[in-house]
Each structure stands twice: as structure tokens, then as C-alpha cells.
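Only one chain is given next, in C-alpha cells, and it is the form predicted alone.
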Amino acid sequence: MTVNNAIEQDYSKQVPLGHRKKFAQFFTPISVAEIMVKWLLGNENLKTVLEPAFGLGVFSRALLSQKNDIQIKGFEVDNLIFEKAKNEFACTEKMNLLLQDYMFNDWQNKYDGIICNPPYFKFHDYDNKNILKEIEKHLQCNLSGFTNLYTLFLLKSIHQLAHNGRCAYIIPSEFLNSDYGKLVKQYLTKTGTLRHIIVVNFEENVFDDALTTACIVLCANDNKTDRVQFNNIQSINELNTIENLISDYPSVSATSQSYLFSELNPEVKWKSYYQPQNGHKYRNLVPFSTYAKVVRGIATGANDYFTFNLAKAKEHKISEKYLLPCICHCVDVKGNNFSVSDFEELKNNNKNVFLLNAVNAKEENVINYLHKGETADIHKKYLTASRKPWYSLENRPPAPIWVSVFNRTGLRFIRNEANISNLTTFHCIYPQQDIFSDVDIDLLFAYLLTDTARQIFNDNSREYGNGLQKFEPNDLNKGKMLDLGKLSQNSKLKVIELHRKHSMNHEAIENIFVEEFAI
């Protein structure tokens, strides 16, 4: 039985990437598979094993190379890879491969070991409605409609663990820090089966062709411990760390990354359990929503149709009174301040800096362009189909501050001096203006430009592969910031003065905040 990734490598060369992405076929490195298999082999009574997303059977190959007196069942939905796997395991006894959807089958059976690299599909990429019904019927738990499929595989597998059974999954770590993950984490803590979460460093992709973080989740239905251990490994080269954890089980080291089930809060981002938190260095923290509200930018549902540059406007004879000035691409904004002259430069360089704003338009050229959109079925797209009229824009007044959605080097905050709109390439920040939270916008913006602000926000980020970070609006709204209301009046005036000089005063401003708020 082959115990390397040659089969997967050959398959990847022969099968187009489009087909592999359609079925979320991202193969597990054999070195990772062997470590996960060791967790299953820790069950001395291991007789039945389930591989719910079989693929080419990398886990079964690794397992059979060490123990051949077991019964293995595998599920697969892609006929192409299923036939290749059947040929590979044709001579293997006690192997039962099924061309069936795991999520709708086999609920009644229990297994001594379950091991999986499940398909990574977001909620709109799979039969979301029916699979959630299936899960809720069998597990008696409610889940978010935004739940990713890989976590549903995990929950079903935990449900199918026999007494003393063990489960090993390698999955994106996104659920640990996402809103939909709250109910998933709630189920994990309620069942008491979670033992280890090993987070692979965000700067390294475990899956080829997939921009995602990874974590290895180890579960056991054995009541041998009431603690969960979190660990970080910097690369696959540190897999011996996991070997040691497996060898020591059920002992769990009483480190700062070890927690009782009762100490785990499903409502918070779990990165606080495995990554140092920057906010702990400061006093007087409040939610960012105390001083500002973050919402996403304008989503058109068809950017190619709705966005315009001068050449396109001239081609279709659309006058500027039907075009809304708008930043369409993050790369078009270079500094921390975006001025009227910056907008004019983009406009004159024929960049896309307008959105069609045609509600109540009566000019023939605009009406003709709308007819072209309908001919191209633009009005039937997911977002446009729900709007009346379909070409109306979302109500987003220009935000005084923008913030980047994705980043690798820290959040970017931009002062929108041009007072124009923005697409979803940025989120909109609207400072709160009431008697409880009124704050000078220059003071707020000066704070947002500090390393301190960015570091504290990082506590609430979502991480993807290659060091990519993402912030949804609520990640920022719920993220922490220094309570600017607690800043002394002299310091407020000094920060505003330094900021308005537009000189290299970042370090001086930073020092003021650190001196007043650092613990």
C-alpha cells in the first residue's frame, strides 16, 4: 500500500483544476495524514474506521500501513475520483467504498475511529438548506445558515463516535473565529469530546491551491479528561509536537493554552486561547462601536456593468449626473488621505471611479444602457434580483473614514477627504455623534493610524493562508480600542495638533497613547 502522495500528485496532473475545485479536492500531505492516524491508533480497540470524504484514501493508506486488521468504510461524491480510489484499493480486504453523500447517509452507525479532510464549501456552495435540516434533525441543535460544510462533517462524525472512539480532522481554522462558528463551538464543548486543536501557522498553506488556514482537531469519546489543549505549530516540520501530545494523552499539560471545558466561551473568538492578545497590554478598552459604526461598502452584484470610467461613459453617452463618484479598487488609494485631487487624477487616468446611478433617469442613453443590462440578464443576478428597481444602489452615504477588508501588513485606514462613495473593497466607518460618544474625528483618525490601534484590532481578525487577514464589519465593531474619552484633555489637544500638522508625528502620537493607557 502506497504511503506517499504520488497518487494524489498524479491525479492533480491528470485532472483539471476546475474539476478539483468543484469537489473541493485539496489533498492532505502524507506527513500530516500519518500523524492524524497515530491519534486513531491510540484507541487500543480500533476495529472500525470511517473516512467520510475518501478522495484517494490517503488516511486509509497511512492507516493500513500500520494496522491491517480493521474494517474501513469510505464515502465519496465524485464519480471520477471514486473510480480511481476503487482501483487503488481493489485488493484490500474489509474495504467498503460508497459513492454516496456522507451528510445524508450512515447516521445510525458508530465507529472506533473517524478521520477526514472534509470538503471546504461555503454556505452558498452546497445544499445548505437540506443538509442543515439533516444536521438539526439528528443532533437537535440549531446552526447558522452561513455555516461552512466542513464543520457539519465534523459535527456528524463526533455524533458517530463509538465509546472510546477517536476522531481526527484537518480543517480550516476559520470557524474558530467566525460568527457562524459560535454554534459549532457550542456543540464541541457540550459533547465534551474535544481534546486538541493544533493551529498550523498562518504563513504556510497546508493544502495546495487553497488559500486557507488549517487546524488539526482531535476528539475522543472517552471521558478521560475535562481539558482542551491548544497548540500552534509554525510549519509541517514541527509535527513532532503533535506526536508528543498524542503520546502523552490523556495527560494534558497545564499550560496557558490548556482550558477546562467550562472555561471555553463559544461566544468569543477562540484565537484568544492560542495566540497572545495585544489588548491585554492596555487599560480602559471599549468596543470600537462605542465611537464608530462599521458597515461594508456598496455591493452592486455586477461590478463590470455598474462601474464606469470616462471612456465607458463617453461610449454609452452617459452624463456624469447619472454617475456616482466612487472608489472601486483598493489599489487606487495610495496613502492615508484621499483628496479631491487624488480622485481627479484617477478620473483623468481613465480609472473606474463612477457607479451608474440611474434611478428615475429619463435620458434615452441611460434607458438604453439599462435595456442592455436586462438583455445581459444583469437584473436576474443574486443581488440585483432582490432590488426595486434592480439597478438601484444600496443606501451608503460617503463615509469619512475607510478601512481595508483584507491585509497582510496591518489594517489600512483612509481619511475620505474627497467625500465619495466606495465599493466593498473598503468598509465604511461612521463616527458616532451623540452626547455619549461624540469624538473629534481628527482624534479618532489619529488613533486609528497608530500601531497600537492596529495591534489591538488584530485580536479580532480572521486569518487565512499566507498571512492574509480579513475583517468583517462586526469584527471591527466588536473589536477593542482605547477609550478616547479617558484621554486627558491636554493629550487630546496635543494628538489633534500633531495630527493636523501632517508631518512625521506618528511616533509622538503613539507615545501619548502608550503613556496614558499601557499597563
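Heads up: residue numbers just count along the shown sequence, starting at 1. As the structure is a computational prediction, the values presented were derived from the model and not from experiment.
This protein has a second form, the form predicted together with a small molecule, left out of what is shown; the following refers to that one.
- For the residues Pro325, Gly297, Pro119, Gly181, the 4.5 Å heavy atom test against the small molecule in the model of the complex is passed only by Pro119.
- None of Val77, Ile441, Leu370, Ala376 but one reaches within 4.5 angstroms of the small molecule in the model of the complex through a heavy atom, and that residue is Val77.
- Taking the partner from the other structure, the small molecule in the model of the complex has a heavy atom within 4.5 Å of a heavy atom of Phe27.
- In the model of the complex, no heavy atom of Val49 sits within 4.5 Å of the small molecule.
- The small molecule is not shown here, but in the model of the complex it comes within 4.5 Å of a heavy atom of Gln100.
- Not displayed here, the small molecule is approached by Ile81 to within 4.5 Å at the level of heavy atoms in the model of the complex.
- Checking 27-35, 487-495, 446-454, 471-479 against the small molecule in the model of the complex, the stretch whose residues place heavy atoms within 4.5 Å of it is 27-35.
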